[in-house]
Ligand SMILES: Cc1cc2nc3c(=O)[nH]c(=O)nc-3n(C[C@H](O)[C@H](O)[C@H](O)COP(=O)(O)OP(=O)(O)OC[C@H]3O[C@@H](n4cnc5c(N)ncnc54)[C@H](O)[C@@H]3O)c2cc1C
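A single chain, nothing else alongside it, follows as structure tokens in the form predicted on its own.
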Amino acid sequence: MKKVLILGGGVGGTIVANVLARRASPNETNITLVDATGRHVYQPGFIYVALGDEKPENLVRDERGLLDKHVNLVIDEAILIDPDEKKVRLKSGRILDYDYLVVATGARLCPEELPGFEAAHHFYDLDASVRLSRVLDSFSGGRIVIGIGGMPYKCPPAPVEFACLLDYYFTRRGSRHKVEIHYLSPLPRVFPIESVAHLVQEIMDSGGIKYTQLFNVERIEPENNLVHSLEGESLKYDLLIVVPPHRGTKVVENSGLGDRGGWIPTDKYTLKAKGYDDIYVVGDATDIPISKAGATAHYEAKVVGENIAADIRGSGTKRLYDGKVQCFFDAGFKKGMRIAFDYEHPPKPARLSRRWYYMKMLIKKIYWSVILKGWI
């Protein structure tokens, strides 16, 4: 009986568990998933909570109900990985051993690393999104500034997507003429993907969204409502929205498995932690230089689940992760674009269409019953 231990019940960990349970016989595989809360949260929905278009309770479900019946769920926090002894220590004091370990622990928000962050809002967790929703609801006019507190961060398109959706939000309220939206890009273009940046810039120009390129937020000066950049620029704000700095999780740092940022050095094809044949890494926890996003974790997790099953069965061809990512960008006004790429094929120039907006809405609906099961 092979023991597979999965750390993290996000999109990556949940899909690995379900794919593996379907592919491997329960008589030869013991699958255990450890999650600190036992609650699964649909993170792409945070942006809609902040804009008042989604109820927070619709984004949260019990993890047990999302897992195959052959997967054991342990609600506890992993605090230390011992790769030499093949053991993981939990906060409760319990120790779990493994033959295969999957680290899907995601990323950690570290707002304390950005001076003055207490003056900013964000939409990178559910509680913060609810608070931002209340602030936007009472915002009567002025300059809203959106910036990035450090790289890398989850879902790179999200901040500029939020700027576009704010244009739509205030237009619907009839107060767009009272609001200036100003996006601060940390890059020398308005969008992380170069082949898509031109279209996004057109969308921003047509919506009257202002932007400054190469503005990496260094600190915030709350007493004067100023945000400062590493490049030496400053900008006044009435409402500031900043993506918090991200780091790898504590269990990775404490176990000495991460780099300076807490990301695990990972082979980008096999998704094995470098130097370890029995440790796989999926999602935000890797150091692979592609988007930290659920759309990435989704495709990585299917490869890892299938490969561990093949290894246990001693049959089947192992797959390599080809860098596949596919996501949909909501540009507001019920229009969107599709962004798809892999290691060998960069994104093609995007096209704005209602079709891709409705596809993004469809993804929200099938997430729980189709995507998390690993069916697609």
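Since the structure is predicted, the reported quantities are computational estimates derived from the model, not experimental observations. So that there is no doubt, residue numbering starts at 1 and follows the sequence shown.
Keep in mind the form predicted in complex with the ligand is missing from the figure; the text below concerns it.
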*For the spot marked by 150, 168 and 241, is every residue within 4.5 Å of the ligand in the predicted bound form through some heavy atom?*
no
*Heavy atom within 4.5 Å of the ligand in the predicted bound form - the one residue of 204, 179, 136, 158 that qualifies*: 158
*Pick from 59, 309, 49, 34: which has a non-hydrogen atom within 4.5 Å of the ligand in the predicted bound form?*
34
*Any idea which of 216-224, 266-274, 187-195, 73-81 reaches within 4.5 Å of the ligand in the predicted bound form, heavy atoms considered?*
73-81
_With the partner left out here, check for me: in the predicted bound form, does some heavy atom of residue 364 sit within 4.5 Å of the ligand?_
no
*asked:* Residue-level question: is residue 29 within 4.5 Å of the ligand in the predicted bound form, judged on heavy atoms?
replied: no
*asked:* Although the partner isn't part of this model, could you tell me whether residue 20 comes within 4.5 Å of the ligand in the predicted bound form, counting any heavy atom of the residue?
replied: no
_With a cut-off of 4.5 Å between heavy atoms, is residue 305 one of the residues that contacts the ligand in the predicted bound form?_
no
*Since the partner is left out here, which residues of 345-362 would have a heavy atom within 4.5 Å of the ligand in the predicted bound form?*
360
